[in-house]
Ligand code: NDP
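Before any questions on binding or motion, here is one chain by itself as structure tokens, the form predicted on its own.
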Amino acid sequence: MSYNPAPNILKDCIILITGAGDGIGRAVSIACARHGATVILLGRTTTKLEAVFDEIIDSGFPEPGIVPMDLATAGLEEISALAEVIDSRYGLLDGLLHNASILGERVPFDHYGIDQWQQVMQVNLNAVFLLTRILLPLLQRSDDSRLLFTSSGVGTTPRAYWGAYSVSKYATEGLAKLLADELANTSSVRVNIINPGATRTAMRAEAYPAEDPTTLKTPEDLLPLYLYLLGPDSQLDHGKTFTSDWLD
């Protein structure tokens, strides 16, 4: 599908993006700002967030917010404080993109480190639950908001040796579908899942070190799909899973 978003399709929207410091999160953050959104950049590394902030400001786009937060350690108190700041500064959320993830080990299950398992599940699932649970009231204040979860091919169909990453993404899809079912007739929040597929990112390079990255699509190649799902044109899409094939 060919999709060309209007230049101001996200004008005045408030969108929070996790993992905004690099890769897909960085590209989507800049694209949302380019199309008029005020983006809240959440990530672990402050210097990376500041670089995205500077690029957005230098381009003359709406001033973003910065939220340095390590999802591996973030708990109820920290995320509740974030919700209070968003509430006082913006009053609502028009979009929440769960983009941040960690890969973890790729080893047989009986060799998988227990601490590693817990860390991957914390970042990829538990923190996603907490952010969604605490920020949902802010999304519900919007007349037309978007809640977008990121999955993977090994989340749709768990695969041997992908360990906690595969399980966390499988569970993420379950969480998204549960919410979509609950909110279908009770809320204006539209819930969908995106599986970006093989993309030229640091995580992909970690998972497939022998792969030629020039054979992969870039984060920028995916932007029409993300802008569609975060914008008003996807108002009728709810409880669906989108892949990069949508762009073909």
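Being a predicted model, the structure only gives us computed values, none of them experimental. Each residue number is its position in the shown sequence, starting from 1.
Quick note: we don't show the form predicted together with this ligand, though the next part is all about it.
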Subject >> 4.5 angstroms heavy atom contact with this ligand in the predicted bound form for R146 >> reply: no
Original post:
Is there a heavy atom of L223 lying 4.5 Å or less from a heavy atom of this ligand in the predicted bound form?
Top reply: no
Subject >> I56 within 4.5 Å of this ligand in the predicted bound form, heavy atoms >> reply: no
Subject >> Residue contact check: H35 to this ligand in the predicted bound form, 4.5 Å heavy atom >> reply: no
**OP:** Tell me whether I24, R44 and M69, taken together, all sit within 4.5 Å of this ligand in the predicted bound form, counting heavy atoms only.
**Re:** yes
Subject >> Listed range touching this ligand, judged in the predicted bound form by heavy atoms within 4.5 Å, from 173-181, 149-157, 76-84, 136-144 >> reply: 149-157
Original post:
Taking this ligand in the predicted bound form, which residues of 80-114 have any heavy atom within 4.5 Å of it?
Top reply: N99, A100, S101, I102
